[in-house]
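In structure tokens, one chain follows: the form predicted alone.
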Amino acid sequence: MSDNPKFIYSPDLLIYNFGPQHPFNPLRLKLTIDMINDFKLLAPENLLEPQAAGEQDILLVHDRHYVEAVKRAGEKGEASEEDVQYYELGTEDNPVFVNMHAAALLLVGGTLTGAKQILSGKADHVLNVAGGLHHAQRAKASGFCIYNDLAVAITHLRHQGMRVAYIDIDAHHGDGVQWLFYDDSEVLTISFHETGKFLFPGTGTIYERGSRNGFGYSVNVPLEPFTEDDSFIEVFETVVPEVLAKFQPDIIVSQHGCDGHEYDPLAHLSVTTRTYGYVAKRLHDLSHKYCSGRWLATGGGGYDFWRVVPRVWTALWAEILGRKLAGDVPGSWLARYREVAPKSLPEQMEDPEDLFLPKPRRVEISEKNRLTAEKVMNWQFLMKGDPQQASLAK
């Protein structure tokens, strides 16, 4: 395998844009790429432009009638009543924009391009921060996601005989990816997310464990609101290393949504940059332990795009490169954005330990998360060769 990591990016990815008032603002990408460049972390040999996915790639995952609806809505710049009712296009979460189909194809193509780079041996690690649209379903849009780039890339990897471990740390449950591979024993999905009792999409309980041949290959760790770093890291360590050891993946595909940060306006977790740096480092190590370094990473959620997203995703890329960043946010980046940012910008790449006060229910929250992880591990990974479990799944 090559040790030449690839960063997937083109300014054309900014066209995937639901409008200036929508939380899924492509400014997140611009701020991130500028910070990466200001750190001088993007050599020409690392940068790779995405190739748009073909319609045949999308149809491996999505229903043809849905794809035609996306094309139709994007051509008109508006959704019909049928599009809203059947496909959730034109809703508040998923507003229609002109050329939406083409923009979504390019975004999907970024993650698919990364998968092909790894399969060809041209790169071992690839990052597409524009990707990670984990909510899109087979025949409907969901949660800012038109097409599911992760599922398209995973399907391509599966067709090449790859055994895929998908790990998702977005605050919102990775439901689209889970359901699309729910009966597939060659795709392991692991999602750490805020419990669906309080947050979209309302799924991701510990009882969602897969069906038929895929029983036991869907792993969910729903976290209590206001979960902090220590508890998140503890349950991650309880689950991921043991599960991967038993599954023995050929490649890790990961979604690095950073909307579990304390600053994020759309969720209620309370982690800091420490959690995101820790997870990136562990996945890097685990990719080498189990997958000969094969690791395809994406962005995802993250809606405090001034204070959180650029720092987290820049640090993720630095980890992929094996680089240790200096403690300060680049002065050039701060100078460029300080006057236009609506909030005071952090000057350090990592959040100080005392940035936030401890949560009043810290002990109780940590204990609930610990018990959740223990229940998950008690039930999981009788994965193969257990007739009783197989019969229960049917």
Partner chain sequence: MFVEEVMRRKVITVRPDQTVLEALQLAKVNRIRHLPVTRDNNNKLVGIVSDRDLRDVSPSVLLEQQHSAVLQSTKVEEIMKREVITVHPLDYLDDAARLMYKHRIGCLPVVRRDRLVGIITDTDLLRTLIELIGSTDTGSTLEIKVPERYGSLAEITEIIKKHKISIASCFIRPDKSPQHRLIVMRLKTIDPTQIIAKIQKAGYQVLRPFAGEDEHHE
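All of these numbers come straight from a predicted model, not from anything done at the bench. Positions refer to the first chain, counted from 1.
The form predicted in complex with the partner chain exists for this protein as well; it is not shown, and the discussion that follows is about that form.
Student: Ok, Leu180, Ile252, Ala267, Val239: which has a heavy atom sitting within 4.5 Å of the partner chain in the predicted complex?
Tutor: Exactly one listed residue reaches within 4.5 Å, namely Ala267.
Student: Please tell me which of Lys30, Arg336, Lys368, Lys359 lies within 4.5 Å of the partner chain in the predicted complex, judged by heavy atoms.
Tutor: The residue in contact is Lys359.
Student: What I'd like checked is whether His172, Tyr263 and Leu355 together line the partner chain in the predicted complex, meaning each has a non-hydrogen atom within 4.5 Å of it.
Tutor: Yes, the whole trio is in contact, each within 4.5 Å by some heavy atom.
Student: Quick one: which of 151-159, 284-292, 317-325, 137-145 gets within 4.5 Å of the partner chain in the predicted complex, going by heavy atoms?
Tutor: Looking at the partner contacts, the answer comes out as 137-145.
Student: Does the partner chain get within 4.5 angstroms of any non-hydrogen atom of Phe97 in the predicted complex?
Tutor: Taking the distances in the predicted complex, the answer for Phe97 is no, it never comes within 4.5 Å of the partner chain.
Student: So, in the predicted complex, is Glu234 in contact with the partner chain at a 4.5 angstroms heavy atom limit?
Tutor: Glu234: no, not in contact with the partner chain in the predicted complex.
Student: Test of understanding: in the predicted complex, would Arg307 fall inside 4.5 Å of the partner chain by heavy atoms?
Tutor: Contact check for Arg307: yes, within 4.5 Å of the partner chain in the predicted complex.
Student: Would Glu82 count as touching the partner chain in the predicted complex under a 4.5 Å heavy atom rule?
Tutor: Heavy-atom contact with the partner chain at 4.5 Å: absent for Glu82.
Student: With the partner chain taken in the predicted complex, which residues across 330-344 come within 4.5 angstroms through any non-hydrogen atom?
Tutor: Stretch hits: a single one, Lys343.
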